[in-house]
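Given next, in structure tokens, is a single chain: the form predicted alone.
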Amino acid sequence: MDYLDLNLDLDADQIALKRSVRQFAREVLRPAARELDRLTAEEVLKSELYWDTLRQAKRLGYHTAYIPENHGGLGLPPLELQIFLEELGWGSAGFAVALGVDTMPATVAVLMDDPMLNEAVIAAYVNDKEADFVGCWAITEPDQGSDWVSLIADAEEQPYMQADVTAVPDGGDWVINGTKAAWISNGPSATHALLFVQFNPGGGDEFKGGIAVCPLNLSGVSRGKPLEKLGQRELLQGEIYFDQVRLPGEYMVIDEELFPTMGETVLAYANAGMAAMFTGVARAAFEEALVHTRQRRQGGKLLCEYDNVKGKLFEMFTSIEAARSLSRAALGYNMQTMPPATRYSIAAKVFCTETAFRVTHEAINLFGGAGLSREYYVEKLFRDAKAALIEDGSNDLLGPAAMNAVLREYR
């Protein structure tokens, strides 16, 4: 099933990209996600299916979608990137998020264009076809979840925060201590982290932070058990501990001066990516509902013949079209603008994930009791969509953070 793309300027390559990624999502991601959904988190981590799925994505170069062509990546332009991410989300929210955070350490290394990182991080990541280099975004902490997001969402409004993970200079190295929370996506499987740290522990009201590309094979790094959770179970998440970890100085890629701008940039990319992925989740639920209402008879008629069902389907349809439009606009603007207008990525993330949750909820209602059964995919889509309201910043906190910037804009 395909949707009518309202962009009449899509060329043959863009249409081919959409179809090829959808084929991969349908034939590889979705079957793997459904099977892994039934395993424990520790079983997923040990599963050959999990690792083989990552390898298949990397062999297609999907992990390099954000990496420019001059560094060996696909370097997808914004429109192609939105199409790519929506199709991944349509296939599997968990694998879409996994591939999104996987690229973060290498993408930031590209932005900094450091010769050492070019060899040690970027080249190793781009050339990886065996899932030997897996990235994660190590930001959330046990006592600072969306606080971190509030901190970086608006560079001009810096709330008070004392982070758990700190970095203190020692000679040419940094000594890192603290804990990143169980919600770190790819945490159990990652080899490298895009690590957010605080430089001035106990520094009063002024927060000074930095961002490191941190290899996770350094002495003093350890991990907790993979997290058991409601949705996106094919996405491994878990704690990462740092105990007197000595990080070479060159791996601290963002200093306190660049931190506000680069922190916003990372969040702008991440939230815009989430918007695209969960537009795909919403579309997947809508399509499941369309098929079901055309097959299920109730009261002597197909469900889709009832006006109230048509009304529900129409609301789902229009909200998905609106989500795609906002997703493309935010991603298109913020991928080409520095510093980004992070408030628009936040708006897209909140709107598209809320849309996915409403659409999956309505799809379950249209399935009736069958929608509660694990036999039907809408049940998983609903659980996956619920998780999106919290990950990459809780929607309840993202909105007010973005609104601070909007209020200043309209003074």
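Residue positions are given as counts along the sequence shown, with the first one as 1. Nothing here was measured: the structure is a model prediction, and the numbers come from that model.
Omitted from view is the form predicted together with a small molecule, to which the following refers.
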Look at the candidate spot formed by 145, 184 and 394 and say whether the small molecule comes within 4.5 Å of a heavy atom in all three of them in the predicted complex. yes
The small molecule contact at residue 390 in the predicted complex, heavy atom, 4.5 Å: yes
Give a yes or no for residue 284: in the predicted complex, does one of its heavy atoms lie within 4.5 Å of a heavy atom belonging to the small molecule? no
Verify the contact flag for residue 149: yes if a non-hydrogen atom of it lies within 4.5 Å of a non-hydrogen atom of the small molecule in the predicted complex, no if not. yes
Heavy atom of residue 237 within 4.5 Å of the small molecule in the predicted complex: yes
One stretch from 130 to 138, 73 to 81, 216 to 224, 315 to 323 that, in the predicted complex, holds residues within 4.5 Å of the small molecule by heavy atom: 130 to 138
Of 232, 198, 189, 103, the only residue with a heavy atom within 4.5 Å of the small molecule in the predicted complex is 232
